[in-house]
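A lone chain, given as structure tokens: the form predicted alone.
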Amino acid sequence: MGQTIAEKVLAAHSGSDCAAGDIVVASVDFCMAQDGTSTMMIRELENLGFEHPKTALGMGLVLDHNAPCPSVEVARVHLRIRGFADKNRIPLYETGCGVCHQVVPESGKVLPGSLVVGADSHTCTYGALNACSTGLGSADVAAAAYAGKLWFKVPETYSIIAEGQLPDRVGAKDLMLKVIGRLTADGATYKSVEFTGASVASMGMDGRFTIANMAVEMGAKFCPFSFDEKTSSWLSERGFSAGAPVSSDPDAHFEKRFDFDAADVVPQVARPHSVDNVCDASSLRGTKVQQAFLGTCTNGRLSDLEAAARLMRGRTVNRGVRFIVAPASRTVLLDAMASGVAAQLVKAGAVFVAPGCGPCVGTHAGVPSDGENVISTANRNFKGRMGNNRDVGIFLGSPETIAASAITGEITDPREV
């Protein structure tokens, strides 16, 4: 019997001929934590007498969730993280560098065939680079940094095949929301999910990062994409190695298969307060929004900003709507500035905040007021997610849907603008 990507990666890192359901102890290539999860990890490592990470490519710490710092209490946390990083010579991605799930791939620490863990649930994002990556608790990430290895249960794998091509103004976010709406928020719990098909083959790397990022929203452990020319080009353009590409064998066993026709996908929106509460964007016309947010580790990349800017060309943000943009990294911001995309969004009425998580987690910039509706490119819309649990409605959509809604002042199918 052939093996899936997850089985091959865990076999290679554990030195065993493992299969789904087996328990293995596997070497970890890289680990990371962000400012919201580092404190417990640091405490655990200090208790263990930590000296340096034993993971093959080391570790990284990122200040992104509460950056710039919103309070004295958080400033103390940041100070401790900086001190720990300096003492142990650990790379620190400071305020303004960007979201962990953008700056880590940009650093070249995740390569095809890698096994990566992070103290953030959306670490599965790196699967776009043909890696197996997953979010864990802070203590588990501390164990990986200290020992260089962790135990894993080898997951079963689901095959999701998206044939056909996505229509104009319909993107990877719409496809993924469609998938989550069908599989549900716990429909792929502890599974490795592989996306294939003509739609995926033609999709750019930014779109693949979007899909891999949201895999955890249906419970997935890993979301590794196959290695192809697009993966190779993304790596080589940045001067990174091609790593150890891996693909599922033709006779690999997939526990379940789900088929989608990308040509039939229309702009999707996840309604409050669950990511799988999905409907067509057009069905929500008339739903007023007071804030639109473009950014996060899901859709804060250059192509996302470009998609929104195309829709905003010659138009302005509707009176009464706050349109906030948070680039995923400093690199993305610089590219958006150089290309004129940033200026175009600002002229239309958008407000840029520092590269990072921005309003997504709800600890500082962009907290909505009571009873307001927000249309966002983020990956979660749980009650209280953006810092206010008083009847705030968070709707999730694509960059195009967010831009269209900012223009009209209500949730809008971008094909209608």
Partner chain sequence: MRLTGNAHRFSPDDDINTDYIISGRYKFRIDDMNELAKHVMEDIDPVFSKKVCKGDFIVAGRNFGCGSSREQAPRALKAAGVSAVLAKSFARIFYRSSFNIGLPLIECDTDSIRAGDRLTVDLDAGLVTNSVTGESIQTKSIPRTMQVLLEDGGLIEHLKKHGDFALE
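Numbering follows the first chain given and starts at 1. Since we're looking at a predicted model, the values are computed, not measured.
Beyond the structure shown, there is the form predicted in complex with its partner chain, which is absent from this document and is the topic of what follows.
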Subject >> Residues Thr39, Glu44 and Leu150 all lining its partner chain in the predicted complex, heavy atom within 4.5 Å >> reply: yes
Subject >> its partner chain in the predicted complex: contacting segment from 312-320, 230-238, 186-194, 166-174, heavy atom within 4.5 Å >> reply: 186-194
Original post:
Between the options Phe260, Tyr158, Tyr146, Phe84, which residue brings a heavy atom to within 4.5 Å of its partner chain in the predicted complex?
Top reply: Tyr146
Subject >> Sole residue of Cys69, Val351, Leu48, Leu57 within 4.5 Å of its partner chain in the predicted complex, by heavy atom >> reply: Leu48
Original post:
Are any of the heavy atoms in Lys221 no more than 4.5 Å from a heavy atom of its partner chain in the predicted complex?
Top reply: yes
Original post:
Any chance Gly137 has a heavy atom within 4.5 Å of its partner chain in the predicted complex?
Top reply: yes
Original post:
Just to confirm, Asp251 within 4.5 Å of its partner chain in the predicted complex by heavy atoms?
Top reply: no
Original post:
Contact between Val266 and its partner chain in the predicted complex at 4.5 Å, heavy atoms?
Top reply: no
